[in-house]
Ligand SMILES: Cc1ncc(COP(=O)(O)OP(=O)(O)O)c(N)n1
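Next up: a single chain in structure tokens, the form predicted on its own.
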């Protein structure tokens, strides 16, 4: 048998031709089959992990159904021919690992890791699939785009579910004990935190926001940035909270995308209705009482709390001067969620105060 790249003037009129021997073609084919088999397994496994959370964690038939559909579409290409090429014992990759694969810090980290796994597998299938079947590359490309959309919808859905479940919202103020205080509140059951600091240098804010985001996600809590969309994007926050003088919600949405949360402060019925119409995911209602956090701003009072209870179609948080001494008055006015600053940031025992406030917010509402 002649070697690949041999020169045969009688056949090629003097042109050198690279010829791939049949045995080499078969060897390459088997390698391609193994690559396809491994990545089909990887994509199906990753989708199943995501599907289980959509089904049991989010109770979302729609998202679970999309996962199942994608799994079945991937399975169509997992033929017996490709399975037969599998060589688990001879695969050097089975012993490869990385410390980040050994543990998951949260459900979010688990989901993101498996979305990356599926998306990477589909990209491999898209390219090597072109060597296997003329339609496989295009099919895997379209599935990859659907997985991108699924990731966006799922992460947004999960944030919204946690937002609806959150009763207590801590808005931070500058403090030497910022991180310990926040962690103490998280230990008490806090699930929603806003980092608010209007005067510190950006470099310090970026460092603190990064640490707070990591802390919140390790406890399964949402992390929101006050005012600064750029900072929220920089640290991968769950969303941003905007005041009445900040950028329009539509502009923030364009920058943040559909999956992150946007909140808006409101002080009266007109501001509330406008914020909801513009697409706010939640609103702040207040200040209920006069507070040094909002210098010179008159209290909106309990009447606005009662109005929000009857008219808001999105989650809302009563805010402004609320503490352990008056929270029950706010609850009696119709509030199911409250946001606090000083009552936790200045508390001697933030964990216990957090637990008390949450317990009051979960108590049975009195019948009117």
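Residue numbers count along the first chain shown, from 1. The structure displayed is predicted, hence computed values, not measured ones.
What follows is about the form predicted in complex with this ligand, which we do not show.
Practice task
May I ask you to check whether residue 158 falls inside a 4.5 Å heavy atom distance of this ligand in the predicted bound form?
Solution key: Residue 158: no contact with this ligand in the predicted bound form.
Exercise for the section: Evaluate residue 265 for contact with this ligand in the predicted bound form, applying a 4.5 angstroms cut-off between non-hydrogen atoms, and reply yes or no. Expected result: So residue 265 counts as contacting this ligand.
Exercise for the section: Decide whether residue 260 counts as a contact residue for this ligand in the predicted bound form under a heavy atom distance cut-off of 4.5 Å. Expected result: Residue-level check for residue 260: no, no contact with this ligand.
Handout entry: Proximity of residue 241 to this ligand in the predicted bound form, heavy atoms at 4.5 Å
Key = Within the cut-off, so yes.
Exercise for the section: Please pick, from 36, 339, 54, 308, the one residue with any non-hydrogen atom lying within 4.5 angstroms of this ligand in the predicted bound form. Expected result: Of the candidates 36, 339, 54, 308, 339 is the one lying within 4.5 Å of this ligand in the predicted bound form.
Problem - Partner-contacting position among 171, 249, 212, 221 - heavy atom within 4.5 Å of this ligand in the predicted bound form - result: It is 171.
Exercise for the section: Select, from the options 196-204, 150-158, 110-118, 126-134, the stretch whose residues sit within 4.5 angstroms of this ligand in the predicted bound form by heavy atom distance. Expected result: After filtering at 4.5 Å, what remains is 196-204.
Exercise for the section: Check, residue by residue, if 46, 66 and 78 all come within 4.5 Å of this ligand in the predicted bound form, counting heavy atoms only. Expected result: Looking in the predicted bound form, the three residues 46, 66 and 78 all stay beyond 4.5 Å of this ligand (heavy atoms).
Exercise for the section: Scan 307-325 and write down, in order along the chain, each residue with a heavy atom lying within 4.5 Å of this ligand in the predicted bound form. Expected result: Read in sequence order, the lone residue that approaches this ligand (within 4.5 Å, in the predicted bound form) is 319.
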